[in-house]
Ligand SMILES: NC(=O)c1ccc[n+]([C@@H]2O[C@H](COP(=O)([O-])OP(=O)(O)OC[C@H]3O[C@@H](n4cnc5c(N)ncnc54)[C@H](OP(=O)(O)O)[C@@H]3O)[C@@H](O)[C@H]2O)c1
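Only one chain is included here, represented as C-alpha cells and corresponding to the form predicted alone.
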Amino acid sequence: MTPDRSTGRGLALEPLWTRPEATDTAVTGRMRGGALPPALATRYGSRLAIPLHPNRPTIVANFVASLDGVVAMADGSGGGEISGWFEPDRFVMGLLRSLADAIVVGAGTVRHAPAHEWTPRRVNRAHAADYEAWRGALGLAPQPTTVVVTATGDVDPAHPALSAPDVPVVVLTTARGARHLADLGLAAHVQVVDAGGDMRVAPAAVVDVLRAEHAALALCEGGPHLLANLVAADLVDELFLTLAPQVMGRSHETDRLGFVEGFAAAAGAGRWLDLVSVHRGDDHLFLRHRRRGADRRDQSRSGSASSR
C-alpha cells in the first residue's frame, strides 16, 4: 500500500506549554534563529531559536518515536512508518534543518533512505522556498553541509545525499573506511576525512569536523547508534522528539530500536534534560528538551579554558 504522505498537511501546531525560564539566551548569549517568517510562524509559532554553545559546536537531535519508544524497524525503516507519514513532523524537520550549518547522519540511515538528501528543501517541498528565505535572512549558506559518519566507508556515490552538486558533503570515516572510499569515485564536492582507527569514529572526531566546517549548530538525525555515541560523550545539547500516538511493541523476533542504542548509563548517571516546550499537532506531541545544567557546566568549562 502506498503511504498517505498528506496526513495532517498544513496543520498548525498548538503551543501547549513553554518553560517560563527557558529563554533563547538561557545557556549563552549567542543563539541561532529568532522570529519566524509569516509562512512558517502560522504553523509553529512566532519564534524558534537555539542557544549556541560557548566553546564547541552546538549539537541538536531530532527523532520521531512511538509511545513505547520505537524509532526504527528491523529493516532500518522508521520516520514515516513511526509518525504515520504525519506532514507536520516533516515540517518541523525542515525548520530544524533550516537552522543548521551541518546535518550529521550515520551511513546506515543514508542507506535506508535511498532517495533522500539531508536538506530543508527535500524534507518538506511545500515549504522549500520558505526555508530557503529564512536561511537567507539568517545569513546561512544555501544548504547545510551533510556529514555522513561511517566506520566502513559503505556508501553509494550515486546516492542523492552525496551526489547533489550544490550540497557540501563530508564523509567522516576510519582509516579502513578511507581506503575503501578512495576507490569509489566520489564526486568532487565530497570531502573524505580520515579520523584514524579501523573500528569506529569517535564522537570527538565529529566535533573536530564540525569545527573545521565552521558549523556553530549541527543537527543529528540518527541513526540511534550514532546518537548513542554523542549522548555517551555528553555532546547533545537539545533533543526535539515527536511522540506519535501508536504502540509498536517489541519481541524476541524483532529488532526495533529506540533513539539511543549502544550506550547504557549507570544507575544515577543518566543524561537528564529539561523540558523546554510542548506543541500538539492533532494527536502527536512535539517535545523539546535541553541538556540539564548546560549553562553551569559550560560556563565553568569556558572559564577554565580561558584561565589556562
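The numbering used is simple: start at 1 and walk along the sequence shown. A quick note: this is a predicted structure, and the numbers were derived from the prediction, not measured.
Unshown form predicted together with the named molecule; subsequent notes refer to it.
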**Request:** Counting only non-hydrogen atoms, choose the one of 231-239, 142-150, 156-164, 181-189 that falls within 4.5 Å of the named molecule in the predicted bound form.
**Result:** 142-150
**Prompt:** Any of the heavy atoms of T109 lying within 4.5 Å of the named molecule in the predicted bound form?
**Reply:** yes
**Asked** Looking in the predicted bound form, any heavy atom of P120 within 4.5 Å of the named molecule?
**Response** no
**Asked** Looking in the predicted bound form, any heavy atom of H225 within 4.5 Å of the named molecule?
**Response** yes
**Message:** Given that the named molecule is not shown alongside this chain, does E221 nevertheless sit within 4.5 Å of it in the predicted bound form, heavy atom to heavy atom?
**Reply:** yes
**Item:** Heavy atom within 4.5 Å of the named molecule in the predicted bound form - the one residue of L217, V209, V171, A72 that qualifies
**Value:** A72
**Request:** Scan V64, L40, V60, L48 and let me know which has any heavy atom within 4.5 Å of the named molecule in the predicted bound form.
**Result:** V64
**Asked** For 189-214: residues with a non-hydrogen atom within 4.5 angstroms of the named molecule in the predicted bound form?
**Response** R200, V201
